[in-house]
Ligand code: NAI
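Have a look below at one chain only, the form predicted on its own, in structure tokens format.
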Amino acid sequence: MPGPSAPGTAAGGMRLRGTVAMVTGASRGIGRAIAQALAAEGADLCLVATSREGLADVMAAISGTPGQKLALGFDVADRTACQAAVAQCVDRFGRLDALVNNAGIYLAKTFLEYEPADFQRLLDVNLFGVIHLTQAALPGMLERGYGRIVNIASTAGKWGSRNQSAYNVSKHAVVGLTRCVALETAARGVTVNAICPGFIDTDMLVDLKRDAATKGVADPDAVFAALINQRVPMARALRADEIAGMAVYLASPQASGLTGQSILIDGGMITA
């Protein structure tokens, strides 16, 4: 079965009417914003998160939008659960057109403080979650000759930074995976791209501040405000909906000529 309508054919400006999309990490932050943006564009949605309570909340928030919805609670580090989720999505909706791999975790430590288990857990969620779901979704996309895979990476996947080597390793790997899978699927109707957000005003930023406080920083809010003013030319943290807008485009038929890219949305922080 082919993918959704060609560009410009959706009525009422609903670019994703007829698109079936899965979003991981959909219960909060960037994932929630992406879920809401996809829903507003008419997509049928399969929303994934570990928090069933969070999923129920976002499902209630998008209940008035036209597409059908399915919520699945599981950890993307579980390969069997990922495969079952894609199968359940296809059984419910008939296919899966767009996969947004957003689920991720963060842990800040100096390199010598990290335990091997820390590296493993960050890789299991941030990288292998992407691998598991992409390998589950991709065969059906290739068979139909249509698919959109959108990986949420980070500016941490584009450069080095102190006290988050395990996180950076996982996000560098997602950027590299995006490029390689894009090359393998480019001639078969499937696009694979990554979004690399900078400082985003979500609960992850709150976690960063809390971690700074535990390390003895007297005023984390002031420290982060100074950091953003110094590092971000726009002099502000970005909003989650600013990431969601790009995710909607990359998940749409209009993005047919764009693949293998890692797109920075960081307020001008990295310009190379």
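Because the structure is predicted, anything quoted here is derived from the model rather than measured. Throughout, rigid core stands for the largest set of C-alpha atoms superposing within 1.5 Å between the two forms. Sequential numbering from 1, following the sequence displayed.
Keep in mind the form predicted together with this ligand is missing from the figure; the text below concerns it.
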query: Looking in the predicted complex, is this ligand within 4.5 angstroms of a heavy atom from every one of V100, H132 and E184?
result: no
- prompt: Hey, in the predicted complex, does F74 get a heavy atom within 4.5 angstroms of this ligand?
  reply: yes
field: Residue contact check: Y167 to this ligand in the predicted complex, 4.5 Å heavy atom
entry: yes
field: Contact label in the predicted complex: R231 to this ligand, heavy atom within 4.5 Å
entry: no
field: Partner contact for T202 in the predicted complex: this ligand, 4.5 angstroms, heavy atom
entry: yes
task: Sort through 134 to 142, 91 to 99, 108 to 116, 121 to 129 and report the only stretch with a non-hydrogen atom within 4.5 Å of this ligand in the predicted complex.
output: 121 to 129
- prompt: If you look in the predicted complex, which residues in 16 to 31 sit within 4.5 Å of this ligand (heavy atoms)?
  reply: G25, A26, S27, R28, G29, I30, G31
- request: Determine whether the C-alpha of R52 shifts by 2 Å or more between this form and the one not shown once the rigid core is superposed.
  value: yes
